[in-house]
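In the structure tokens that follow, the same protein chain appears in two forms, which are kept apart as structure 1 and structure 2.
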Structure 1
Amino acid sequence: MTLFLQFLFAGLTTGSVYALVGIGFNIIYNSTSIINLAQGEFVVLGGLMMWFFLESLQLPFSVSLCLTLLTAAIIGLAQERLTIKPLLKKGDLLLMIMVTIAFSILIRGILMFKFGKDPYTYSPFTEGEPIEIFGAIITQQTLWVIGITVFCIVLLYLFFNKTMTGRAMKACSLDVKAARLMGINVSKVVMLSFLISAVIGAIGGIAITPISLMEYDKGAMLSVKGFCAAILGGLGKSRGAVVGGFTLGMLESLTAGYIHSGFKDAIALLIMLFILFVKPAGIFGKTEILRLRKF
């Protein structure tokens, strides 16, 4: 039991980040139908910029946090305005996805130039002894990561369902043309979706860095895993990404625990493939909707 619980906690920690990256994918996918493969890079950006403000410039925690999120937002914005907007009218989805890959390589290059190849970390948000729950041990930072993820999910839910801007974004995800006819500024919605995704990615990075360290090239792996989470839950469904992320994290941890850690990634992905065989649109997705979309 203790063992199982311990594996579960480990799965929740990694799952949280996958979920946050997955949500980022979904928000952009909903407004543009493209997959932003630079999503993982924003996690790295969050972790490294936080280190830069906190440790290198010695700024207080709250200031560093704001500055990091601001940096991520600006870069997300720049990505959309400079690389996506000019191409959006042409409507070539494949081209735009390629451009996001190019952008991710660009960010990685800049980060390597600025930070080098060494990993970075800073102290956990709260100092203190790990907490014991039924014999299983959980560090305070792990609780922070899970807590922040849940907080982001709730906030996003409220935003998309209770505010006018959020609803406008949701409308765009359902039907761009109809939304435009209703007077919604689609260009602004797309911009906003990139901004939100960037910030969410950065939050994930800020939270996870004290546990897992951060180095310039961690983004590619996170992008892949986050994308898996989004697909598993059903692309475009925000709760799908959350369930998908936690499922993937848990699958990895339990495989490592009960079968062998060498097969961790392979088995987790195999089970994911299996789920997609049974439900091609993911756990929450609908096959009919999937057919209507280009991707």
Structure 2
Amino acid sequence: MTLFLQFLFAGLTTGSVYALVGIGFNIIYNSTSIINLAQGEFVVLGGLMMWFFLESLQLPFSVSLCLTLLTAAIIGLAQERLTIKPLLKKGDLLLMIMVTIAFSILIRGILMFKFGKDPYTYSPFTEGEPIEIFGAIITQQTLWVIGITVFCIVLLYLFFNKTMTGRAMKACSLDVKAARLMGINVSKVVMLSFLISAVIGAIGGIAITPISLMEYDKGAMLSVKGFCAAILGGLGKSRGAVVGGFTLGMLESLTAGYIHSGFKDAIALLIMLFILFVKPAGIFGKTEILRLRKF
């Protein structure tokens, strides 16, 4: 039982990051129907930039945090303004997805040039003895990761359901043409969706780096895991991304613990294939006819 709990908490920790990446996928998908395959790079960007400001420049934690999130927001904004906006009116989804892959490769190359191939980490948010729960040892940073994820989920729920801007974004996800007729600036909604998803990804990177070493090339696999979480829960369903992320993280941890660590990364691909064959719409999704959006 102790070993199971240890694996379970480890799975919840990595699953938290997968959930945040999956939420980022869904935010952009709901506003544009685009799968942003550069989403995992923002997790890496958050972790490495936080190290740069905190350890290299020796700035205070709060200042480093703000600068890291600002950097992620600017890059997310640049992605939308420079690569996605010019292509939206053409309506070629495949081309836009390919552009997100090119953008992810660009970010990865810049990070490799700046940080090299070495792994980076920094001190946990709080110092102290690990916490023991029924024999399982849980570090304080693990609780930070899970807590930050829950906080982001609640904050996004309130934003999308209690604010006019959030409701405008939800309206665009339902019907772009109707939203435009109601006076909603669709272009700004798309821009905001990229900005929010970039910040969400960076938060995940900031939280997980003290536990898991951050390297420049982790973004591609994180994108795969986050996309799998989104598919598992139902693409476009934020609650589905949360459930899918935590489920995937726990399955990976249990597989590594009880079977073999070499099979851990294959679990995401196997789950994705299984879901696509059995229930393509995901756990919370509904099968419907895909209609290309006109901007």
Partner chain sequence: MKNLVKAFLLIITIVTALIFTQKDSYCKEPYKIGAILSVTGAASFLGEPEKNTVLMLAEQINKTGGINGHPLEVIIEDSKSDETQAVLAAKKLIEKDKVLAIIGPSTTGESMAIIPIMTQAKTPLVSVAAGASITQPVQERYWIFKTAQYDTSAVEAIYNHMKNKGIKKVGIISITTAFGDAGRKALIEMAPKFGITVVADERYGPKDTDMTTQIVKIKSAGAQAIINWSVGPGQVIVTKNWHALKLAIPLYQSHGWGSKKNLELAGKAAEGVIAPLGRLVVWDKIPDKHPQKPILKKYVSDYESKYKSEPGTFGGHAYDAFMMVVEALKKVGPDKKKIRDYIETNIKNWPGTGGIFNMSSKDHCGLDMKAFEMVIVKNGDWEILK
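Quick caveat, the model's predicted, so the values are computed rather than measured. Here, a residue number simply tells you its place in the sequence of structure 1, counted from 1. C-alpha atoms forming the largest set that superposes within 1.5 Å between two forms make up the rigid core.
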Of the two forms shown alone, the one predicted alone: 2
Core-aligned C-alpha movement of S56 between structure 1 and structure 2 reaching 2 Å: no
Rigid core fit then L12 CA moved by 2 Å or more between structure 1 and structure 2: no
Core-aligned C-alpha movement of V243 between structure 1 and structure 2 reaching 2 Å: no
Between structure 1 and structure 2, how far the Cα of M272 shifts once the core is aligned, in Å: 4.9
Between structure 1 and structure 2, C-alpha offset at A256 (rigid core aligned, Å): 2.5
